[in-house]
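Read the single chain below, which is given as structure tokens and is the form predicted alone.
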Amino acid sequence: METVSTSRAFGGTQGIYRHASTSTGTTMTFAVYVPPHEAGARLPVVWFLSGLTCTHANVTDKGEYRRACAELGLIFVAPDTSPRGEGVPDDPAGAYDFGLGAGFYVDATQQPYAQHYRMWSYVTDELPALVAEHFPADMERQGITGHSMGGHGALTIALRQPRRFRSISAFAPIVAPSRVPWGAKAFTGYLGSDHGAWAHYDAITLIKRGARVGDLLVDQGAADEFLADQLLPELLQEACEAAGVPLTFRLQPGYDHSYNFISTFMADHLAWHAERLR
């Protein structure tokens, strides 16, 4: 693992790191904030999965999480959203919603994407092992959150690994990717036309098939331009109510899909995670 940069923030350390990934076959970059702590302490970890077109840098630059993490004693980890580098295939038309920056947190099975687009394995297996090895992380106390495509990733990962994550939240998540244009395009390209394969990466389908978590926190901007055709939070509300999954859903008047929205409610989400990770 190579250290790209480190800097002090609120008594802790914000670091940017890169390594050669065996999952993606590429060099991957990620960010970790470690709050101030006593020598030898092991700290809970919150994973933040970013959305379409983003890298680790979007939340690192605009997420406004460091003060809250320093006060709450949380390690904050932000991976990239897709493999990158020479030879990594992109959307043939150069669209923003597929290919580079749009890995959708799945393990692709279709060519030419299957070799490198293995973001599920990277985020759930390889990167956690690296974090556990190099940082003072208590891997028995993990939480996960994310935005938009990253909210989809956070929900599906937590639903499929419920014993691993003690806290789950999301900002404007794509809750039913199988039913919306962003998800259908990504799933067709990465997974093929078999909707049975799609089901493993669809939060609504997973809940309907019996997947359960303790409770969820979801914030959604009421002025989000993608609310009606890509996000469909009402489907999550309906699925959680039918399954008895406790959901705290907050529709925030006037807020859109941007990091202005995320940064406004980031401290609330981190407090939610800290309470469950104590």
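A residue's number is simply how far along the shown sequence it sits, counting from 1. These figures come from a predicted structure and were not determined experimentally.
One more form of this protein, predicted in complex with a further copy of the same chain, exists but is not displayed; see below.
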Among A9, P253 and D256, does every residue place a heavy atom within 4.5 Å of a further copy of the same chain in the predicted complex? yes
a further copy of the same chain isn't shown here, but in the predicted complex which of D215, E241, D61, E234 has a heavy atom within 4.5 Å of it? D61
In the predicted complex, does R66 come within 4.5 Å of a further copy of the same chain, counting heavy atoms only? yes
Could you tell me if S23 has a non-hydrogen atom within 4.5 Å of a further copy of the same chain in the predicted complex? no
So, in the predicted complex, is Y17 in contact with a further copy of the same chain at a 4.5 angstroms heavy atom limit? no
